[in-house]
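Shown below, as structure tokens, is a lone chain in the form predicted on its own; questions about how it binds or moves come after it.
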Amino acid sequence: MSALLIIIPLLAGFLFIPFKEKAKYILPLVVITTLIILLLLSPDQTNAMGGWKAPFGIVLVLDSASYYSLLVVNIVFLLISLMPQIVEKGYSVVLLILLASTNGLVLTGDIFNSFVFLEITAVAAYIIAFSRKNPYGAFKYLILGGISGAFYLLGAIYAYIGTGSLNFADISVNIKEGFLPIVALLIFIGIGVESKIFPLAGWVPDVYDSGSPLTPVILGTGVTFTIMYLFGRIFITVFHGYFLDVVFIFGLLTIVLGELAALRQNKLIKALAFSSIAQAGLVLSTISLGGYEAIKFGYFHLLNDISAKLVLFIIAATIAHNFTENKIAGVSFSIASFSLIGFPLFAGFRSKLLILQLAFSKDNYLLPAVVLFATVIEAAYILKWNIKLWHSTNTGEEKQKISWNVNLILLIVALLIIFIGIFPDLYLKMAQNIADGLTNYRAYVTNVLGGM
């Protein structure tokens, strides 16, 4: 039944290609349907496609990690579908295809199948990146994405050579030590573009600054979370933490360079794009500390970040003048941006505090130093933009105004950020379930291979 999470949006997307204008009405219905199906499923099942059992056939794996990741991604798509004003004309069909591919990417238990879904996700992302006629950003994204996809495919090929299998669980058990370094390196490069790790994140500012709120919102939230799940599934469940020490260094560099670049920006959307790069570096660095708590706190911070970015990207791409004309958007922006910095009583404070405590407990002083440095930089440019947007009479070019339904959703998400800052258990529980699924290697292998 989990296959319906892929089949329904994919089928709807192809059926509505001739009726692009009507697709915006079907998008929320499809997302609601996938959420209902997901809620009816239990996070402990493996479905063999075509009756071919693992490791010989393709399997869809629904454990606690994939279940809660799907829940997050589909809720993001639902929120976007309820704001048709930010969806460019005719792009609802692309979003349906993207929903199918992200769901497939989370569900698949096969490395080649993950490559296929990764490429479908990338193609949909390229199309969205070209919205509002942004050829330079989309072309840069296309070139980098194509190169990274080739590396990912090479990694899948080497994994097959080293194990005789494409199944994640089988690779986890049987990969030969001589193949593991090259496979890990190729896969890391392969998902480095989408995970926004230095030096493969150069596409982000130009693509996010497309003039369309849809581009940064969907790529910076739903797609980002999907890729971070894939990273955890491969490097934690399949590789058992191998190569994470290398990822840690790249993560730290990504934090520092991303924040410094954000500080230099004179355009809000580009500042937030570089901030998104830096936050991805923080998530990867935290996960790379190793251990259950590190994974849990890394995904907790990721949940906080995509909540804030959902609000910030919509406002940055659509606000007309300043916040005196739209106080709801202004309050929502301030709440989300203060969470990004890590002010007390906001969600970001909770996750950053936990990350610092964990690093100190592991006698790791490099990550806290980088996080504190980055927080000072964040505070500088975030406070600058808050002051500018609350007190400036004109912030630049004329843009569309934010409608009442978008304002309402922004306010709800902003209030959720405060709620998580005071009562973090909701997000912490979700992060815990994701960490449980990613770290329980034996249960994953048993569920997929049947105890082989």
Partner chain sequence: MVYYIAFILIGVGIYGFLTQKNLFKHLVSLTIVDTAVNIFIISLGYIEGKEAPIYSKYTPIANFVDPLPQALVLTAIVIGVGTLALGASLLIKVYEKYGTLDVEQIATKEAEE
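Numbering follows the first chain given and starts at 1. Bear in mind the structure is a predicted one, so any value in this text is a computation, not a measurement.
Another form, the form predicted in complex with its partner chain, is not on view; read the next lines as being about it.
Trainee: So if I measure heavy atom distances to its partner chain in the predicted bound form, which of the stretches 118-126, 231-239, 71-79, 309-317 falls within 4.5 Å?
Mentor: It is 118-126 that comes within 4.5 Å of the partner.
Trainee: Even though the partner isn't displayed, in the predicted bound form is L268 close enough to its partner chain, meaning a heavy atom within 4.5 Å?
Mentor: Outside the cut-off, so no.
Trainee: Classify G146 as contacting or not contacting its partner chain in the predicted bound form by the rule of any non-hydrogen atom within 4.5 angstroms, answering yes or no.
Mentor: Yes, G146 lies within 4.5 Å of its partner chain in the predicted bound form.
Trainee: Is L154 part of the interface with its partner chain in the predicted bound form - any heavy atom within 4.5 Å?
Mentor: Yes, L154 lies within 4.5 Å of its partner chain in the predicted bound form.
Trainee: Would L214 show up as a contact with its partner chain in the predicted bound form if we use heavy atoms at 4.5 Å?
Mentor: Answer no; every heavy atom of L214 is more than 4.5 Å from its partner chain in the predicted bound form.
Trainee: So which of V223, V87, I191, L166 reaches within 4.5 angstroms of its partner chain in the predicted bound form, heavy atom to heavy atom?
Mentor: Flagged contact: L166.
Trainee: Select from 136-162 the residues with a non-hydrogen atom within 4.5 Å of its partner chain in the predicted bound form and write them out in sequence order.
Mentor: Heavy-atom contacts within 4.5 Å come from Y136, A138, F139, L142, I143, G146, I147, A150, F151, L153, L154, I157, Y158, Y160, I161.
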